[in-house]
Structures are given as structure tokens and as C-alpha cells.
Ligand SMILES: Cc1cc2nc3c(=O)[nH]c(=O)nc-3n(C[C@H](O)[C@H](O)[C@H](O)COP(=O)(O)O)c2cc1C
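Only one chain comes next, encoded as C-alpha cells, the form predicted on its own.
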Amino acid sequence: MHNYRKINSDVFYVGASDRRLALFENIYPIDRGVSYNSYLVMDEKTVLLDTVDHSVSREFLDNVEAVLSGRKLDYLIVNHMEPDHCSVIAELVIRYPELAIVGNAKTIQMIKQFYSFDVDSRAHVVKDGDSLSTGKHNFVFAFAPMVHWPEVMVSFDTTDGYLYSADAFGTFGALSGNLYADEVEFDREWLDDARRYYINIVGKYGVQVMNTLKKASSLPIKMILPLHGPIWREDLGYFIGKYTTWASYVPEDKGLLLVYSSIYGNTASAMDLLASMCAEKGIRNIHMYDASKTDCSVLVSECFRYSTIVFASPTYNAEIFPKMETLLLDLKAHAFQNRDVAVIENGTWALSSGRKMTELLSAMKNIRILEPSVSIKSSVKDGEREQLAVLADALAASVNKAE
């Protein structure tokens, strides 16, 4: 059963959504599912832009067949070769034997790594800045390496002003009838998933994203059509602005993030006390997470979001508590930088988590560690309470100076 959508008189959405998948890339929880977007242009030559994941291949193939309505498929443009967007290439080759595959040299090599059919005989290799005319439409290809794979490119249709943006400007979340970002409450319902998607999937490659945004800024874009999530046809500057902020590694929001691990509740109690002290200092945007309960992808996203962060961990086997260590290592892997942070450690007989957290954080770029670093021996006593009060002053000063 087909369920395609008409974007304009000759451009069609032929993707589909998956609400069964629990983990995207088998690591990131997606309670709201995910969409796999693909677009078909009906011109003198028919053009399909990217395919989908196997999980929605039946719906996708039905949509393509219905839109083609007996016509052959002439071109497949592969903007990104990750399997969630290329799993149906071999099936398309069987169904449409005259199909030409458009991609750059790295794309073609990756197709050979995934598939065993004769790729060279149908490869149409393009370079950065090349174009492809299909009749009315003209596609210009701009390379976007490491956003977030080395072969990634985006395709700009100069006829319609449509930017087919690969994984850029994507977001977690299945589509529920509304195809466009202006048809949903994006800030309330989608922004957290968009941020978590960007930070965890693409976030390490901020420099490369900024280079891509610079290229895009020179194009007369009327619509952004990503491979995941809703299409942007209005207020493009809003979402481009979000990407610019995220890619620049600057805080999106002025606020205080408290992240802790706690074995028996004493470290958690210390963070609750610190939160109250900070509120009394006038900080209004305070958010607290237990690293043992909250998925690391959420914590990484929140760390990129806020200006000032406290990490609190007990000493565990003379190390950082494992969940907190995982978070810090993940932040390092995602090139986390440009933040004020504070460290709180707890331990009963051999305090060492604070020193080890400080070492990890100090290895990251432009991380300013606030004083004092608070040490708690088992539970908060008067001395530790005084340290927390001094730290609350430092946190208030940090939040207040954040832009």
C-alpha cells in the first residue's frame, strides 16, 4: 500500500517512518521512533534522492512504484551511504536495471564495500560543484565531508531552490502525517530530539558543519529536505541558527546543569542541597540528572546545551563511578569544549574521583574548572556545606556572565 506525499507538482516524498525501532544505530534510544526520508523527482529523467532503511523498505518501494506509475527510474543520487539510507540500493538495481547511480568517488567505493553487483557499469561519478540536468531540474552537488561520514554530499536543485541536505538538519522522531516543521510545535515537540540527534550523531565535526553551513549560505534555499525528520519550508534561519550554535560549541542556553552519580544517595543529597543554594543565589534555569538513570545521549546533549555544569561522582573501585566516567569519555569523544564546569567528589576512605574527573575535563578544549572542587567524605557535614555554599557563589557568577 503506497503512502507518498506530493511536495510540489513533480517532487514527491516517498520515505516512511519506523516506530518499532528502540535504538537508533543500536545505541541511541528513540522513544518517538524515526523517519527515513527519500524524495523522487519526476522530470524528463526520473531522479530518486537516497533510499531508506530495510525496516521500511516495503513501504518505500511501494511509494516509488506508485509515483513512477510505469516509468523507469533513471537516476539514484546517493548523498549519504550509511545503511539507514542505502539499504535498498540492490533491490532498486534489480527492479530498475537501467538505473544510474550518482555519487562521488568515495560513495561509489562504499557501495562496492556494501554490495556485490556491478557498480562501475552504472556509476555516474561527480565532483564537488558538478551538476546534473534531468530536464527541467538541475542538481548541483556540494561535498560535505564528515557531516558525518567522509563521502557525504548535499544536492541543491537550482530550479526549485530545494536543498537535499543528507543527515544535516535531521532529527530523531517519526513523522505523524505532518510533513513540514511549520505544521508541528517544533520547539516543544521536536527541538530536544533535533539537538540530541545533532550532538550525538554529528556533534564531533563542528568545523566541518560550519564549512557546510558557509557553503549553504550562498545558495538561494527555499526548502531544506533532510533524511530524517520534518522538511523545512518556513523560518529556515531559525534551524540554521541552531546548527550554527551547536557547531560553534557555544552554549545554547544560559543555565546550570547538575549531573551526578550516587550509590546510596549521599552524593544525590549533596547535589539537591547545592541546587537549593544556587536557586537562592538567583539562578532560575537549573536542571539535574542522575547519570545512572538517564541515557548518556541525553546527558551529552544537555551538556552541549547549558553554559555551566557540575559533575558529581563517588569514588568507585578507586575510580570515577562507571556511569559518570562513560559520560565524560563520551563528551571528550564529541569534542566538548567552551564551558565552565565544577567537580564534586565523594568517598569514604580513598577519595580519587575528583582528581580523575578533573584530569579528563582538563584534557578538553577551553574547559574552565571552577573553584572550589568539593570533597565529601561519605555525607555532607558543616565543612562540606560551607564548601558547597562557596561553590554556589562561583556557579551563580558563571551563569550570570554567560551570554
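From 1 onward, residues are counted along the sequence shown. Here the structure is a predicted model, which is why all the values come from computation and not from measurement.
Same protein, other form: the form predicted together with the named molecule, not shown, and the subject of what follows.
**Request:** From the candidate stretches 350-358, 332-340, 364-372, 57-65, select the single one in contact with the named molecule in the predicted complex, where contact means a heavy atom within 4.5 Å.
**Result:** Checking each option against the 4.5 Å cut-off leaves 350-358.
**Request:** Name the single residue among 237, 265, 97, 83 that comes within 4.5 Å of the named molecule in the predicted complex, judging by heavy atoms.
**Result:** Residue within 4.5 Å of the partner: 265.
**Asked** Among 317, 178, 285, 113, which has at least one heavy atom within 4.5 Å of the named molecule in the predicted complex?
**Response** By the 4.5 Å heavy-atom cutoff, the listed residue in contact is 317.
**Request:** Considering only heavy atoms, tell me if residue 51 and the named molecule come within 4.5 Å of each other in the predicted complex.
**Result:** Although the named molecule is absent here, residue 51 would stay clear of it in the predicted complex, with no heavy atoms inside 4.5 Å.
**Asked** Quick one: is residue 346 in contact with the named molecule in the predicted complex, heavy atoms, 4.5 Å cut-off?
**Response** Looking in the predicted complex, residue contacts with the named molecule include residue 346, since a heavy atom lies within 4.5 Å.
**Prompt:** Taking heavy atoms and a 4.5 Å limit, what residues of 354-383 are near the named molecule in the predicted complex?
**Reply:** The stretch 354-383, when checked against the named molecule in the predicted complex, contributes only 378 at the 4.5 Å heavy-atom cut-off.
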